[in-house]
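Next up: a single chain in structure tokens, the form predicted on its own.
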Amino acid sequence: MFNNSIWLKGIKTKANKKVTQDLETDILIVGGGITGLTTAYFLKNKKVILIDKDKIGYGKTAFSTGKITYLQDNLLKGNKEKENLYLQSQIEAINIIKNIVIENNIKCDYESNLSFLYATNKKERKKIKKIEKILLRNNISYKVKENNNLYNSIYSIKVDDTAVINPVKYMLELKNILAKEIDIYENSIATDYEFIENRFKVKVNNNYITSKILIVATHYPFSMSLGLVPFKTHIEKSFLAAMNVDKNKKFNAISQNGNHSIRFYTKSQDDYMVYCSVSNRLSKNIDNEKLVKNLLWEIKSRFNNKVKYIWSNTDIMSSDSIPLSGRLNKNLYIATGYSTWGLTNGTISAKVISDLIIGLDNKYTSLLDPNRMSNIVNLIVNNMKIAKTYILSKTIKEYSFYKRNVNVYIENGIRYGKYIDDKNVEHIVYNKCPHMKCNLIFNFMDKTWDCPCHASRFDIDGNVISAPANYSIKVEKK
């Protein structure tokens, strides 16, 4: 069983140059994922620098399902205007991706697909009936099926104008197209910024990039001051697996409660089902080995197929399940909070931001506005839960699932984490996240130190591998 995303298997790329000196540009895009690349695509005739902290194509989008659909589990938004606009934004995003693929002859295993949204109980069925009203208001045709054999479904609806892709291939092809038009730097991490004399000065690899416009398109903004995102969102973690099947069935599906997501993929003449199981708050996903065992048991009992790939992903969930994307102030833009639908929300966020910069009207600007007033009740509840997670991270020294080769201890008032590898070598790190000072938890599945508050991750030697943290937790050897 391969412990990584199916989309990354067999992918080999050369990294672009990294930032090694001070630079100047008109537009700086921080983040080379789906949003950063698509924004750059729309702005490629301008003076643009795009940077990514790793190699492009290896970020959060690489760990998604690769589904491009508007028939989502979270279409209910509380009022008709938001529901209509959100649905229309997802359809526009699908068309944008399709047009980019066709116009540039992008080889990304793009495949037109049927999409199902299904219910396994009466409560979910009632919500799907409400979603049907949204579809009807927007003149979208769909089909209904009662009591079908779709994974214990008692009711489902189906549309036929959606798609699936290999998200890594899509991003790498976009990168190659853009490399001829703009300056791209990889292995270049932004750690801080300041605004001086109407220009942004962003610290990157201990150098500075100066820019008139700053677009922060990272999965999680690299600075607390960028939209106060930690207080407007929470993070969920899910586990995914790819298993061999007899046939690519050319459809994708998700349960109305969002607990089960399915799609199919053909790779080197082998057919796979990509299956995503229960998504929970990050604080509930701390014993990764146990959760993986549960997923494997679920797959065996439901499908009896052999799992070939397994991986995890984290998603930033906004309080109203709508992205926080657009203009923060005059020349500062962010894009985040995609609530598990990164391909469509990342694409429409890129369109909104690029239109704002160019000066074009976009009907989704207010919908995605990162300065908007969100659901107050959800915000309060969310921040109470985050505070609880923070407190627990401070009070629990070691978790019950820790093994003998992991130890957390305090020495001279400093909290350390120690991991002993298979060769009996000790790896010692500071056991505190640089982002907001939550204490870290050891992940036995990936051999990483993970933050239970905002999903920063560090390798066994303390090198940062996942934002929002920008600094390592390495203990320098004396």
Ligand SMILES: Cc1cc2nc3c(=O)[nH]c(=O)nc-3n(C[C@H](O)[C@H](O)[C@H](O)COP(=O)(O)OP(=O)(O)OC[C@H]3O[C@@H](n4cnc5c(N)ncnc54)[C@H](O)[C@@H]3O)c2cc1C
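These numbers were taken from a predicted model, which means no experiment stands behind them. Residues carry their position along the shown sequence, with the first being 1.
Keep in mind that the form predicted in complex with the ligand is missing from the display, and what follows is about it.
Review point. Is it true that Ser188, Thr218 and Gly342 each have at least one non-hydrogen atom within 4.5 Å of the ligand in the model of the complex?
Key: Every listed residue reaches the ligand in the model of the complex, so yes.
Check your understanding: Among 418 to 426, 434 to 442, 448 to 456, 66 to 74, which stretch sits within 4.5 Å of the ligand in the model of the complex, heavy atoms only?
Key -> Partner-contacting stretch among the options: 66 to 74.
Review point. Closest heavy atom of Leu368 to the ligand in the model of the complex, within 4.5 Å or not?
Key: Although the ligand is absent here, Leu368 would stay clear of it in the model of the complex, with no heavy atoms inside 4.5 Å.
Review point. Does the ligand get within 4.5 angstroms of any non-hydrogen atom of Leu174 in the model of the complex?
Key: Close contact is absent here: in the model of the complex, Leu174 is far from the ligand, nothing within 4.5 Å, heavy atoms only.
Review point. Taking heavy atoms only, is Ile34 within 4.5 angstroms of the ligand in the model of the complex?
Key: It does: once the ligand is placed as it appears in the model of the complex, Ile34 has a heavy atom within 4.5 Å of it.
Exercise for review: Evaluate Phe116 for contact with the ligand in the model of the complex, applying a 4.5 angstroms cut-off between non-hydrogen atoms, and reply yes or no.
Suggested key: Phe116 lies outside the contact set for the ligand.
Review point. Since exactly one of Thr162, Ser238, Ser89, Ser321 fits, which has a heavy atom within 4.5 Å of the ligand in the model of the complex?
Key: Going through each option in turn, the one that passes is Ser238.
Review point. Cys276, Val292, Ile213, Leu226: which sits within 4.5 Å of the ligand in the model of the complex by any heavy atom?
Key: Contact residue from the list: Cys276.
Exercise for review: Would you give me the residues of 297 to 317 that have any heavy atom within 4.5 Å of the ligand in the model of the complex, in order from first to last?
Suggested key: Going through 297 to 317 in order - heavy atoms within 4.5 Å of the ligand in the model of the complex - the hits are Asn313, Thr314, Asp315.
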